[in-house]
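The chain below stands alone and is given as structure tokens, in the form predicted on its own.
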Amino acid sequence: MTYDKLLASNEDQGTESIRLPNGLANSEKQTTFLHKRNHSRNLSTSSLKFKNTLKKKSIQHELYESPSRLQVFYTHLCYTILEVFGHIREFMRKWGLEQRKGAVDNNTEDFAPLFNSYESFHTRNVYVRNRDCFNRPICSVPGAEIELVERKSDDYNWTFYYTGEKIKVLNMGSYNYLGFAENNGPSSRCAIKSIEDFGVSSCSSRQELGTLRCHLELEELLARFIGVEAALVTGMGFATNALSIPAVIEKDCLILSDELNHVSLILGARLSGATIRVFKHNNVQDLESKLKKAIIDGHPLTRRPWKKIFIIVEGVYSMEGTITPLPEIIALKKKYKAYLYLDEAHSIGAVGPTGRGVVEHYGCDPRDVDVLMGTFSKSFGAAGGYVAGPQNLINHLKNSSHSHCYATSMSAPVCMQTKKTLEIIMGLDGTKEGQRRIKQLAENTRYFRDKLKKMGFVVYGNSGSPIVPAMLYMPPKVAFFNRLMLERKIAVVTVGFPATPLAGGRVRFCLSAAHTREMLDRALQAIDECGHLNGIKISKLNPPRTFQQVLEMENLQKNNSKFHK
């Protein structure tokens, strides 16, 4: 059964999705159901007015395919074998039968241990085996093509040495969504020129002598782009979340956090001192249930009402490629008088007809989101982050956020790179280059995701997301696929436990507007070959096909449609 037919049949039957599959990263629930999420359903009766308007929005289906029980069993068996052999090698190292090459605490026994050796068990016995697949140094701009520094190891990845050679590969792993990470063009020229005016660093925080003219211009332009009153930029995207959340949330507040939120959001929530409760990924029913319970029960110690209730979600989730059901979450936020914090790190610039993120993707009002956050290290090809919202919120953050008060301000070249890129996206440079790139990214995403599905790969995520995960499941396949792709001069990002559940190993493709159709076809051909060698074309929705068979099938369908016309 094809993807479209299965989706249509599910719609006819009114299938509703409640649970998430085993393959989702950081997911607590593991099921073996093939299911569909329809975000326009299951709203409470008090939200019927909003539900009627919701039908007009572009809320897309996200189809997931859980691994078979046999696949899960084999994956757990692999980790069990690795664990057993790891303990055997630990025993041999302890008694001097094998050389200990990992980190060793050199302090005497009367010192408290500097680190827990057992916590590094996975690193020493599993990660080191696959270390050649990670932390690869690069020596070029992270564009559509990239140059890697060749490195080799003579001791099974414990140490590496550099050969002095460079490997030019196709880049399918960087967050360069709109292709602005380049060393030529108006954005990079603007960044280079800014060094003559401002230097490389302000050597001060924004609250002291670190606020440059370009910072104020960028903040004004950014607020206009997003559609809010004001914005505040910082020099690091991770710190934007980690240090801004504690500035607006405090003790005796409640945070309802999506279970797949980024670690920067988790760290910020913990630093705030608030009570944290986790709801199932993109599950509006579970969120509403926890909201109701929180309002009815109040604080668990005092039984008094919470000072504030904050819902924290991401626009696009970087490991799944899923998109948050924003209209429904806004409806719940209004219904229960909660606040909403939206992280648009992977969606600003990359999602929406004009690149204004998930808010535009669904046609929502940005003023309905209390705190809008995003980063410049993806679509803008720069670094840093921002918080946007009402003017009183930004005024408060200027006096309370540690990222504004204590951290060194954003570098002028980074600021000018971001500002010029934003002008191009908005069309203020007098060209349509920004819109061309946004449209190209959307086309590349649809084309690439569609071909992977038709070849028989298990693909996760939303059709509008530039992040396309394909499931590998077993740990040997995670490393094997990565090495096979590099042999074919294609760089990919593969991820496994503990970044995912045990049976959630995957390869994560990141699409870019800089990718040409020829580049994507080259990548798909290589993925087809590696997928066959790896045995990962196991989708229940589409039978395994080669890339050439998929192209021939599509050409035949086009010819048939022309004949009928």
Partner chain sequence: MLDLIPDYVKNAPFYHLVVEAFLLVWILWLIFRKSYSPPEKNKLTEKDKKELLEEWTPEPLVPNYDFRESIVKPRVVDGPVAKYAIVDGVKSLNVASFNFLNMVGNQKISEMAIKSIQKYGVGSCGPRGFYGTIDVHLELEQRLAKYFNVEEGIIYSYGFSTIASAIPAYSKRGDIIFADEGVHFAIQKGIVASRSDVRYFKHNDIEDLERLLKEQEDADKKNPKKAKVTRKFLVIEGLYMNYGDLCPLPKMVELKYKYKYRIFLDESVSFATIGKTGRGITEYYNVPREKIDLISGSMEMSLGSVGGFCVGSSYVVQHQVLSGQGYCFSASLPPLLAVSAIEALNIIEEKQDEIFPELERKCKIMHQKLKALNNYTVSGIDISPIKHVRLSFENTLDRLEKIVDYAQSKAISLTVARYLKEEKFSSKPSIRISVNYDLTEAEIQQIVDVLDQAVN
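Positions refer to the first chain, counted from 1. If you're wondering where the values come from, they're calculated on a predicted model, not measured in any experiment.
One more form of this protein should be noted, the form predicted together with the partner chain, which is absent from this view; the next part is about it.
The contact with the partner chain in the predicted bound form, taken as any heavy atom within 4.5 Å, belongs to 212 out of 72, 226, 212, 478.
Think of it this way: in the predicted bound form, the partner chain has a heavy atom of just one of 165, 197, 365, 154 within 4.5 Å, and the residue is 197. Residues within 4.5 angstroms of the partner chain in the predicted bound form, judged by any non-hydrogen atom, belong to 112-120 and to none of the other stretches in 112-120, 454-462, 88-96, 432-440. Although the partner is absent here, residue 257 lies well away from the partner chain in the predicted bound form, with no heavy atom inside 4.5 Å. Within 4.5 Å of any heavy atom of the partner chain in the predicted bound form lies no heavy atom of residue 241. Although the partner is absent here, residue 208 is a contact residue: one of its heavy atoms lies within 4.5 angstroms of the partner chain in the predicted bound form. The partner chain is not shown here, but in the predicted bound form it comes within 4.5 Å of a heavy atom of residue 140.
Contacts with the partner chain in the predicted bound form, taken as any heavy atom within 4.5 Å, map within 322-345 to 336, 337, 339.
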